[in-house]
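Just the one chain here, the form predicted on its own, laid out as structure tokens.
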């Protein structure tokens, strides 16, 4: 039997568990060595494929690959590089197929969010027309939790756990100082168009341990008067409050509160920090002393407090991607299907990429509280299992033991260099 090689790449912002998906892909491929040759990884994502800068994962030991399951970051390097449409820039897609043909790659596993799902779909289509069919399977990954069809996205659960923990601990800190010092803590989290991460901050407050927490969602136009009235009421009643604000909060005219005035490589508005904007507003209008913080990379890299559920999801979708390809499937994304909330049960499924590519899942109205500043019980039932369980990495000397791969290059076979 002619064994084809596989190509795996990581795309976009990383997560605490994206390497667990890589582990799932590589370990599963090694168990099917009679059907899959080598697994090559793209150095720095899809750019590695375009430049024929491939990594030979077969040079890594089984122990090193297993350690990926508890290592954060992107082991092979990720990138923010959006391939344009087939009609606009057919040359890039043709280059990918040329590289795959040269290295006898028949399986393409792309681990990312909305844009990578679109790339995966286009490659599956174009490869057929070029006479070198590629089985393209998309592996979901995004802390934003905004991919459609799937119940949740690997990477989100751990980011949500970090935000819930940080909101809880910061709220207790503020409460202890509020009589004579800071009364409001403002915590900025990721989420350009969807408030999934911000919503997790509300989990810090429970019936057994109620805390005054305000959530600002991108889905709800920011009403300054209403917001300040909410903060004022909470501080007057309880002495303090915490505000969890999504980076993508907009005013009623649709402009980001934190619009920095320029765009990134994907054409997205670059956001300049909404936490100081909100904190300054509270101080200027209400006179309450505030402190603010931006979670930034910390929320997506905190593997030391990762959700066990999330780590299990991430490994499972990597494993399932290989199994789907070996079953002859193509142009699919692996999905997580929820069976029940309590006890939490789930299974792996799949969905056609045309239902995924360039579609964004926002918070449903039924998950946002009536006043627009909190979550409903339905949302709490949805979120709670996703942050469940601990999956601590091994420790030595007080710090986690994270693996660093050798990432040995594959010899180039094409004469023509390519510069993306």
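This one's a predicted model, so the numbers in the text were calculated from it and none came from an experiment. Numbering follows the first chain given and starts at 1.
Absent from the display: the form predicted together with ligand F6P. The rest refers to it.
Asks: Taking the partner as it appears in the model of the complex, which of 117-125, 296-304, 179-187, 338-346 has residues with heavy atoms within 4.5 Å of ligand F6P?
Replies: Of the stretches listed, the one contacting the partner is 296-304.
Asks: State yes only if every one of 143, 191 and 247 has a non-hydrogen atom within 4.5 Å of ligand F6P in the model of the complex; otherwise state no.
Replies: Every residue of the candidate spot has a heavy atom within 4.5 Å of ligand F6P in the model of the complex.
Asks: How about residue 80 - does it come within 4.5 Å of ligand F6P in the model of the complex, if we only consider non-hydrogen atoms?
Replies: The answer is yes: residue 80 has a heavy atom within 4.5 Å of ligand F6P.
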